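Here we start with a single chain on its own, the form predicted on its own, put down as structure tokens.
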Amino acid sequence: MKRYNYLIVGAGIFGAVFAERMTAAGKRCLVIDRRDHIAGNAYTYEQDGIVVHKYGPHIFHTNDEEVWAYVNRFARFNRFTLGTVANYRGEIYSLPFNMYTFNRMWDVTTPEEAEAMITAQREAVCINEPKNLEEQAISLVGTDVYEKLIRGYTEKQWGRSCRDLPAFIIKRLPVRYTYDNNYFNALYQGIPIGGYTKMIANMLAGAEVRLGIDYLANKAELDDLAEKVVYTGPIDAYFSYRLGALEYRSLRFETETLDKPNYQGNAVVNYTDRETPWTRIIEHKWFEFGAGDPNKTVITREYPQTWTPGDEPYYPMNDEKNGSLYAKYQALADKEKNVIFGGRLGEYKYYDMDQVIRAALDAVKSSTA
């Protein structure tokens, strides 16, 4: 008999949910992570009483009532609602795209006027069936909004021309003909009071956790400990890149503490011009209003960068080439009968947090069916 029922590789959201559910069902779980902390990219820590999102902002949002009820078992959520500000060369716009945005851009005040401007700009470039991100963006919001608020930011984020990016990337951004600054179309939204690390720690309370362990460097020894493996790392790394490396975009963060009460007046400000090297600045204290030293603030500049093996992979490059390569790795994964591949890297998919939790809950149900 093996010592554990499940070896769970990765102490992020997918791994923590799987471990919590299986531990509650009486299974023995060992959770490992190569980092020195739990919670994956949702990891938070305190600085001067301010909860800092180390790997970029994470706002929980969902319409899935089961998922919402589940996370509220492990944390109390505040009522934070994301309303992003865009800074284009000193001009300030509201995000997501809404009537405040269109009023600032064109001095229009009604939905009819805004729709007329967008229709005219779309027809001027004769777009019928958008073939790339640029065409999709112009068809949604017109050329002016595209040039000022989408093009520079997107090309910095992905390191490619918008003409070389697939159209579907921009479809997830909301466009509203109302004065509504709420970024997400979600019934439930907020951030765990005290941060995500505390929430994940509560999920992992019943499982054994070991940090600073590289699974792939010790695979045979670790596999021998458990009946099954739940793997949330990069799927191509699991197979030693035998078919080639999947592509990602990576990020670099610069965080500093400032001796002032307020730096930018908003949790997230996007810099949408091409010349500014960072895509956004996060001011962490506004995620949990009233917390922390009132005379200090913590900000983080976020810089996209080219990913190379060894860097932290953040965003899968969801294009035809990488999709085809992933399908081949998925075929290999299907043959690993005692391994469950999950999460953003294990499934090479951009997941919101609620989608990761749903996928983990479904994986538990499949494993216990």
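In this text the structure is predicted, and so the values were computed from the model without any measurement. The numbering used is simple: start at 1 and walk along the sequence shown.
Keep in mind that the form predicted together with ligand UDP is missing from the display, and what follows is about it.
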Practice problem: Indicate whether Y153 is a 4.5 Å heavy atom neighbour of ligand UDP in the predicted complex. | Solution: yes
Quiz item: Given that the partner is absent here, does L95 sit within 4.5 Å of ligand UDP in the predicted complex, heavy atoms only?
Solution: yes
Self-check item: Interface membership of F80, ligand UDP in the predicted complex, 4.5 Å heavy atom rule
Solution: no
Exercise. Check whether Y315 has any heavy atom within 4.5 Å of a heavy atom of ligand UDP in the predicted complex, and answer yes or no.
Key: yes
Practice problem: Using heavy atoms only and a 4.5 Å cut-off, determine which of Y88, Y188, Y183, F74 is in contact with ligand UDP in the predicted complex. | Solution: Y183
Self-check item: Among the candidates T297, S139, T101, T272, the residue which, in the predicted complex, approaches ligand UDP to within 4.5 Å (heavy atoms)
Solution: T272
Exercise. Using a 4.5 Å heavy atom cut-off, indicate which stretch of 108-116, 210-218, 163-171, 122-130 touches ligand UDP in the predicted complex.
Key: 163-171
Quiz item: Taking W158, R280 and Y350 as the candidate spot, are all three within 4.5 angstroms of ligand UDP in the predicted complex by heavy atoms?
Solution: yes
